[in-house]
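Next up is one chain by itself, shown in structure tokens, the form predicted on its own.
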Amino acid sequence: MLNRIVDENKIKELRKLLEVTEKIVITCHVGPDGDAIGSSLGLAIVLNAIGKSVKVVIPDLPPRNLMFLPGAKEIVNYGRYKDFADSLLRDADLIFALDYNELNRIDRVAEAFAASKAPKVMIDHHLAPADFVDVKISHPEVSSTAMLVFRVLCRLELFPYIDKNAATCIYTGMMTDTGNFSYNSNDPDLYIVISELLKKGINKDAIYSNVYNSNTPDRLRLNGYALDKKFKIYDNLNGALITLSRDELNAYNYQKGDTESLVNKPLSIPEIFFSFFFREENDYIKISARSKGEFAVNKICEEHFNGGGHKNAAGGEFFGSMDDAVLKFENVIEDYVKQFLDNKC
């Protein structure tokens, strides 16, 4: 039996909205990861099963290693199909905001999202959710939005409609947002949910292989290059930084998902307790951060890189050059490490 954490009044509000809606749009954040895509597709499959017309709209392409998920090929890429996506948002009876806590996290979709007159529901696990929705289901203590979606579906009495396909998507979200259950994963309820998803028929070994072991020669070479040439260890800080410029990514025919889990690699060195990865996008630097133990990388991302997340897994953005991003990182990281070590003493 799962502990009840979602307020019953919010469940009632959501139930009422679902009773009177037919056309639903689900949105998730720019640069979607496994949790964003998995939670969105899992929810879409269940809502389709109860007779709703559901579309998932995302700002850009999903990562290649997530295209095996049921429903992934039906995702509407806003950047490619703007007019169609705008019409979906305009005509929707209900819009979901999944795995993001601020409107700017959906980038180019934000204007059409805000302009839509449809009621809006947030299901998210990031800190400090903004007020841009009608129903806010926000639980930062939950390890993934996918697990929170599972909880919400159960409370809506829709558990019987979670089939193998929906369970596969939900499990993928849970797995990827915990590094295959290697961080943010000490909640006993997490394993109750995994057990229920296994009963739905998922193949967790195949899911892991699809996400983490689905390589191309270019992807292997890119990751090898990053670790050989672009991996910097800060010995005095027990940390690491990996950077990849747009030219370097292009040299290896980079596709979304090719650097998935790269940020975790330095943490396999016992002495290192934090790792950052800076990847240059077209107009900003995408930042991923991971850590061990009590070192909180989310504070660094929140306070300096327009982001946030969880203590051991966070992300952000820097609008400027790679050199400036690295300079800012090196200017602030020492103070956080010093404060962390002082608090341990």
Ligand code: 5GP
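Everything numeric here is computed off the predicted structure, so don't read it as measured data. Note that the rigid core is defined as the largest set of C-alphas that superpose within 1.5 Å between two forms. So that there is no doubt, residue numbering starts at 1 and follows the sequence shown.
There is also a form predicted together with this ligand; it is not shown, and the following applies to it.
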Establish, in the model of the complex, whether 39, 136 and 151 all lie within 4.5 Å of this ligand, using non-hydrogen atoms for the distance.
no
So, in the model of the complex, is residue 309 in contact with this ligand at a 4.5 angstroms heavy atom limit?
yes
Answer for residue 313 alone: is it within 4.5 Å of this ligand in the model of the complex, judged on heavy atom distances?
yes
Using a 4.5 angstroms cut-off on non-hydrogen atoms, would residue 126 count as touching this ligand in the model of the complex?
yes
Could you confirm whether residue 33 comes within 4.5 Å of this ligand in the model of the complex, counting heavy atoms only?
yes
For the stretch 89 to 113, I need every residue with any heavy atom inside 4.5 Å of this ligand in the model of the complex, listed N to C.
105
With the core lined up, does the C-alpha of residue 281 move 2 Å or more between the shown form and the other one?
yes
Look at residue 309 and decide if its Cα position differs by 2 Å or more between the shown form and the other one after superposing on the rigid core.
yes
